[in-house]
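Only one chain comes next, encoded as C-alpha cells, the form predicted on its own.
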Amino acid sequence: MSDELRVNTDMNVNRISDEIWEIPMSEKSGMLVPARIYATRNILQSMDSGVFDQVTNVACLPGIRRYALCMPDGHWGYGFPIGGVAAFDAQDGIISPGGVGYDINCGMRLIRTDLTLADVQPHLERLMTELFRKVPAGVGASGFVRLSREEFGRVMTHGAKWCVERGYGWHRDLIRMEEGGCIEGVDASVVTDHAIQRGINQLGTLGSGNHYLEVQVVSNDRIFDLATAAALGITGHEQIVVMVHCGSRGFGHQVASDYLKVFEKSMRRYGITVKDQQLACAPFRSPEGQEYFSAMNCAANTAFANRQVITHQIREAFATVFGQSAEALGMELVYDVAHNIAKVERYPEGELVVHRKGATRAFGRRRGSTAVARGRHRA
C-alpha cells in the first residue's frame, strides 16, 4: 500500500490500475482468491472499514472463482458488502442469502413519458397526491390486488407475466425486463407459510427505507450517450420519467430469514465454516441449496410482479391527471433490472452461481460478451 493511500483498513491494498485495487490472499487467513475493489482513489479512501473486512470474508467462501468483487458504491452490509459480487462454481461452490440480501430482487425500473417539466409542473401537486394514493408506501403496506394462496403461487411462478395476462401492463413491457420478468423453474412448495402470509397482500406496494417512486426530469446536459439514450426513448429537453426502486417486500425478507436458519444448521453437516455467520451458506447442489435457490426465485418473480403492478398504477395516475391514456402519454418501460439476486450463468470457466448484492448484471461492448457487474443503488 503506497504512502499516499490512506484507507480504513490495516490490510495491504495494491493498485492494479487507477480504478482497480486488490487485496491479496495473504492478507487474511482462509482467502481462496484475491479481493478486488472498483473505485477511484478518492472513493476507495472514503469507504468504511466494513467493506474491506466483508469483501475479504467473501473471498474465503468455498468454490469462489477468480475474485471477490466490490463495486464503487460499496458499503457495509449484511454478509456481503453492499455492492458486492462473487461467482461460485455451480458444482462445488455454495449459495448464500448474505450474498443476495433480505430484499430479494430489489431492483430498479424506469418509465419514460412524452411529457416535459413545463407540462407537469402546473399539475405536480395533484399528480403526487394521485401517485401516493395509488401506490401505498411504508412498513406493512397492503396493495389493492387480493390473492388466494393458489393465485399467489402463480405469481411466484410467472412473475410479471401473471400481471400482464391480467391487464396490469402491456405485453411489450416484458421484453424490457431482466429475464422477461419471470425466472423459470421455480418450486413454490419450498416457500414457508409465514413467508406467504407476509407477501400475499403486498403486490403494488413500495415499502419503506430507501425505496422510492420519483418523478424525475432529464436535462440535455445529463445525457452522456445521445445515441443510446435515443434508442431507449430518452430525449432530454426536460423530459419527465418515473423511477421506481423496490423489491419483494416482506415476502423476500422472510424467505431470506427462513433459509439463513436452515443454512446455519446445515453448515455443520457439510463441514463448512465461515468468517461471519451472516455468510451462512450451503453447497449449491445440496438439497438445502436448491430449495433456497428455488424459494429465492419465487421471491424474485414476486418482485418483478410487484414493480409491474406499481407501473400499472403509475400509468393510471398519470392518465387521471392529464386526461389521456398512458399510451398517448408515451409511458413505455425503459428497463427493469435486479440488483439483489443469485443467478446461474455460463462463462468460459463453466456454470457459475453469480451473487450480486447492490449490483446489476452488465453487458460489454462486444456483442455476446458479458461483464460481471456494475454498481447500483444501495439496497
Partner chain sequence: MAWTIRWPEHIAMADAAFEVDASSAEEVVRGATEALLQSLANPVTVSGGWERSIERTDVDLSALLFDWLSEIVYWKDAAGVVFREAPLTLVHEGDVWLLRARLIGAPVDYQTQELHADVKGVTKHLYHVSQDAGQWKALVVLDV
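Numbering follows the first chain given and starts at 1. Since we're looking at a predicted model, the values are computed, not measured.
Only in words, not in the display: the form predicted together with its partner chain, which the text now covers.
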The one residue among 122, 209, 185, 287 placing a heavy atom within 4.5 Å of its partner chain in the predicted bound form is 209
From 250, 204, 169, 283: within 4.5 Å of its partner chain in the predicted bound form by heavy atoms is 250
Within 4.5 Å of its partner chain in the predicted bound form, heavy atom basis, the matching stretch of 259-267, 234-242, 88-96, 173-181 is 259-267
Exercise. Any chance residue 198 has a heavy atom within 4.5 Å of its partner chain in the predicted bound form?
Worked result: yes
- Query: With a 4.5 Å heavy atom cut-off, would you call residue 275 a contact of its partner chain in the predicted bound form?
  - Reply: no
Proximity of residue 144 to its partner chain in the predicted bound form, heavy atoms at 4.5 Å
no
Check your understanding: With a 4.5 Å heavy atom cut-off, would you call residue 110 a contact of its partner chain in the predicted bound form?
Key -> no
Quiz item: So, 78, 103 and 139: all three within 4.5 Å of its partner chain in the predicted bound form by heavy atoms, or not?
Solution: yes
